[in-house]
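Encoded as structure tokens, the following chain is the form predicted alone, with no partner shown.
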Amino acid sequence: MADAAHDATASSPGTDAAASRSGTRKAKPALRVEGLVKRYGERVAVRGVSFEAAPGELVALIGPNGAGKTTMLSILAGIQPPDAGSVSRQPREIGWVPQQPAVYSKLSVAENLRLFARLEKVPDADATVAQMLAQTGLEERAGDEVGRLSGGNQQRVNIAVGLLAAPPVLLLDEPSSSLDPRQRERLWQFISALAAGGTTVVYSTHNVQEAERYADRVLVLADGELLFSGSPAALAAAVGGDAAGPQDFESAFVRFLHEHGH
């Protein structure tokens, strides 16, 4: 599949954040993944996946259910080891944000951040918590119980926990899956700002419009195999279409999977 999993550099129309970070493409990779393999008995969940991500790059993992997206993210996060292959960074250098908020609903926002900062052994927990509250725009909610927050703000807290150790790479598993359109838009503004500040963000999503709109690079996985690596526009072009709009890109994605037997 060497021709399909090419490394395209065309930018996606309408993706302003991607254009503003185009200069990062020639920088030293923030993350290098080589030949990742993961097996569960006779089933191969990840099949020799390799890719690189630049500083400040937004990389979307898309593919059908069971494609291996969450498995690959969990390997990158160090939650489970690969059976083969390597990741250029240690787990302590990679922030991990699971799909469901991994915080304590009865504790306040600040209490959650302070607790996880101590677990992460952050040198100055109080200063780090204050910085995270400012960075995530949650200063006015610092004393609120997390369980009483909106879904969007709960996800901000979840991401803030993943950022406590100031990792150069942040992994997000379906970050907007439970949010309404307004909350989703605010969350992506926040994530895009992180990338603009130099954090490399790798996220999985079933919403291909989020890949078309926000990603600099799209990785298409199916049955654990990397079928494509390139811009959203390049994916559309690969099946003879264009990325003029979300529906066009979604159709291109479906056609691409069909052409590759998925």
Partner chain sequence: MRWLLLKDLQILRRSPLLVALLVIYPVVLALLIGSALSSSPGQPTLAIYNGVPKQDRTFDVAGSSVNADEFLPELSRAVDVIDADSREDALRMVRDGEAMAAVILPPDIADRLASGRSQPTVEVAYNTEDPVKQQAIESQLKARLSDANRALSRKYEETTVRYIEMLRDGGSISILGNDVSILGLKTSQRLIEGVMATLPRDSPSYTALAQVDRFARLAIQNLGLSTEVLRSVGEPIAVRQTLIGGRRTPLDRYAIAVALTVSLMFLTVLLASGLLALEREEHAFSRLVRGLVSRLGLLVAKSGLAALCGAVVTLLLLTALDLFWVDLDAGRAPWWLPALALGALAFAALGVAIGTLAREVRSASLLAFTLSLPVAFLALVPSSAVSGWAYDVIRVVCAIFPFKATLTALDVAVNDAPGSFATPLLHLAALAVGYVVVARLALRRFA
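Take the two forms, find the largest set of C-alpha atoms that superpose within 1.5 Å, and that set is the rigid core. Predicted model, so just to flag it, every value in this text is computed and none were measured. Numbering follows the first chain given and starts at 1.
Although not depicted, the form predicted in complex with the partner chain is the subject of the following passage.
J.: Please run the contact check for residue 149 against the partner chain in the predicted bound form: heavy atoms, 4.5 angstroms, yes or no?
T.: No, residue 149 stays farther than 4.5 Å from the partner chain in the predicted bound form.
J.: Taking heavy atoms and a 4.5 Å cut-off, does residue 172 contact the partner chain in the predicted bound form?
T.: Contact with the partner chain, no.
J.: Quick check on residue 85: any heavy atom within 4.5 Å of the partner chain in the predicted bound form?
T.: Because no heavy atom of residue 85 falls inside 4.5 Å of the partner chain in the predicted bound form, the answer is no.
J.: In the predicted bound form, does residue 91 come within 4.5 Å of the partner chain, counting heavy atoms only?
T.: Residue 91: contacts the partner chain in the predicted bound form.
J.: For the chain seen here without its partner, which of 75 to 83, 131 to 139, 175 to 183, 188 to 196 has a heavy atom within 4.5 Å of the partner chain in the predicted bound form?
T.: Result for this chain: 75 to 83.
J.: For 96 to 116: residues with a non-hydrogen atom within 4.5 angstroms of the partner chain in the predicted bound form?
T.: Heavy-atom contacts within 4.5 Å come from 96, 97, 98, 100, 101, 102, 103, 104, 105, 106, 107, 108, 111, 115, 116.
J.: So with the core overlaid, does the Cα of residue 106 end up 2 Å or more away between this form and the one not shown?
T.: It does shift by 2 Å or more.
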